[in-house]
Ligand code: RIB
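Next up: a single chain in structure tokens, the form predicted alone.
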């Protein structure tokens, strides 16, 4: 079985389903409120687990009631949480999410304990693949990337300045089209693969600036896009490490991401391997 270590965030998602997304300064009422486990690190860990990998999550949560709520599906899903520790006096990360019909969303994150992750506290992962994002301190990612010698994937989200060594070390970088525009020519520092998602549009996989694969997500009845990008990241990593060719792996990732939009909430919507196989 493929083994994956995920270093990243754990959040509790507070989701308001509204008739539409608000404009700047506008208040919209009549929304329905839901609470779901989330955080890019937690989402990617559970996604990889549901897709058949043996997964461990390195993360930090607060010493509050929200931590248990945020970790519920990870525990139930069989993700190893031995390195997911509570930080005394800290609050568990929280994401405030507005979702419109059709799945479009707006997200604001209060990182809380996610900021307390420290490189010195993280052992060098012993796994086939390492997945990281940027909802934890980027110096942690840079340090672990230097020590780790397996397949290294970094999801450059949310977009921010990062050590170029992270890009140079990455075997796979995942960005959406907004993030790709933000990083621009900087992505050329990556010597591995660069995957760019475009919502329901064509996703691409590039190497040395040349497109090596393209795929369009299958059409589905989308209700919530939260977690779709995390599903894509986990699915593409697992598929490539399992030995799928780039074009096949990209189709698999697109199919997984599209399925993740068909149910409410980031983690409740994450698909299993068998579902993806039937949709790819």
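Positions refer to the first chain, counted from 1. Keep in mind it's a predicted model, so treat the numbers as computed, not measured.
Just so it is clear, the following notes concern the form predicted together with ligand RIB, a form of the same protein that is not shown.
Annotation: in the predicted complex, residues 43, 135 and 227 each come within 4.5 Å of ligand RIB through at least one heavy atom.
Contact check for residue 107: a non-hydrogen atom falls within 4.5 Å of ligand RIB in the predicted complex. Proximity of residue 266 to ligand RIB in the predicted complex: non-hydrogen atoms within 4.5 Å are present. With a 4.5 Å cutoff on heavy atoms, residue 193 does not count as touching ligand RIB in the predicted complex; it lies far away.
Although the partner is absent here, residue 95 sits close enough that one of its heavy atoms falls within 4.5 Å of ligand RIB in the predicted complex. In plain terms, the part of the chain that comes close to ligand RIB in the predicted complex, with a heavy atom within 4.5 Å, is 6-14 out of 268-276, 255-263, 21-29, 6-14. Residues of 169-183 are not found to place any heavy atom within 4.5 Å of ligand RIB in the predicted complex.
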